[in-house]
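In what follows, one protein chain appears twice in different forms, each by itself as structure tokens: structure 1 and structure 2.
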Structure 1
């Protein structure tokens, strides 16, 4: 296959992945950039087929792929090269395939999260992160790297203890005072259920946080963001984080500046 014809395919690997808005967002961006022969598609792959599928992607014309639940750790494990932040976070959401077959792993969730905030948090400011899963690891790593003092709460405490020890945060059992609150739990995701009472922050107490971020995104405001907006907080929607992490992945694959507004509109309309 001549190189000029190769590697114009992109995708998102997940299981399940049908709910992802990345295909609409990235295809709108590719069209806007005039990359008419590029395509981005959902790639539903069960965990047992993940390594062999990824190794075959370059030969099938793929330049790169995003990775979502449940493959982010496996993606890092099989990469030949990984960025420092992907290694520190312990998970990759972006794979790039070079012509010699090498697989490079990165994590754009962390810088995408920071880019979605109204302003970069000041060193020494405080954040409370709810959750200790994959997205919490990226968020905590990004905040600690920015010099923020991070407290982590999680329903399953030992998981929070591991994360805090590895990434330089502390564990809290309640709603620690902070400037920034970030929900990295699945509470509020329609398919996962959960209610605000499953989290340590009451609707009334939310007003003590200047900015509230919810990683969860859906077409109507999430439980956390609806309550935070009522409490007068500045709110950041998970959809904006999706856009920002996707923009960084797209730029890595194409070398072109991502059309952020086009991507935002595509996510909104998806």
Structure 2
């Protein structure tokens, strides 16, 4: 039996984090695997308390934690060890705590994003990524590694320029032509409308993208995805990406194969 079967705690660090479906998803997966003495919880942590909170998790009985907005780059900076993928991306969404107190960082956002797509993008195809935070870095890295030509838009151009230079993309100030559109901004996280006005794409222009992905997940489609569906685009919401990246994190912590269908159902029903 793997060492990870000792009673332990897991969680998701974010600010805010109350909207996260990770606790429902991961607790359903743990129960399905027979890990009845494991618990996964939401950990709301403001940025100024993030370093000290993470350093104290192992002592509080935590084996690992996921990391979401706005802590992904800070998570990598805190790590004692990091996967090559996390270092290349410059952000981490998965932390593991060893018995000796070392913090290991990985990024399952990148492979989780690719696994959620209807098909792997063709080399030479084009993508427009909206945003330049930790999630955007994972998406851009994954697409560039797949041979995709990536344009990055961000509300503050200097951050987009830094991301593009480090990861091999280019910066755009408008809705660049592309086969794939990926929204990595927090626009759409709230339940109210008004999302499209904060992005460089209009509802009419969405029809030019074959596939539209929104990393935000809600009980109802975001305005971006709703408009994209009306325009005839193939759409992927953040719930499927959540499932795929969460499965990889769970496997790293437990050494067991993640029950994907159980996790998918838990996210849908949350």
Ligand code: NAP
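The shown structure was predicted, so the numbers you read here are calculated from the model rather than taken from an experiment. Numbering follows the first chain given and starts at 1. Take the two forms, superpose them, and find the largest set of C-alpha atoms that agree within 1.5 Å; that set is the rigid core.
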### Query
Which one here is the form predicted together with the ligand?
1
### Message
Would residue 103 count as moving between the two structures, using a Cα shift of 2 angstroms or more after superposing the core as the test?
### Response
yes
### Query
Would you say residue 208 moves its Cα by 2 Å or more between the two structures, aligning on the core?
no
### Query
How big is the turn of the smaller rigid part relative to the larger between the two structures, in degrees?
13
### Summary
Aligning on the rigid core, one finds that residue 57 shifts at its CA between the two structures, in Å, by 3.3
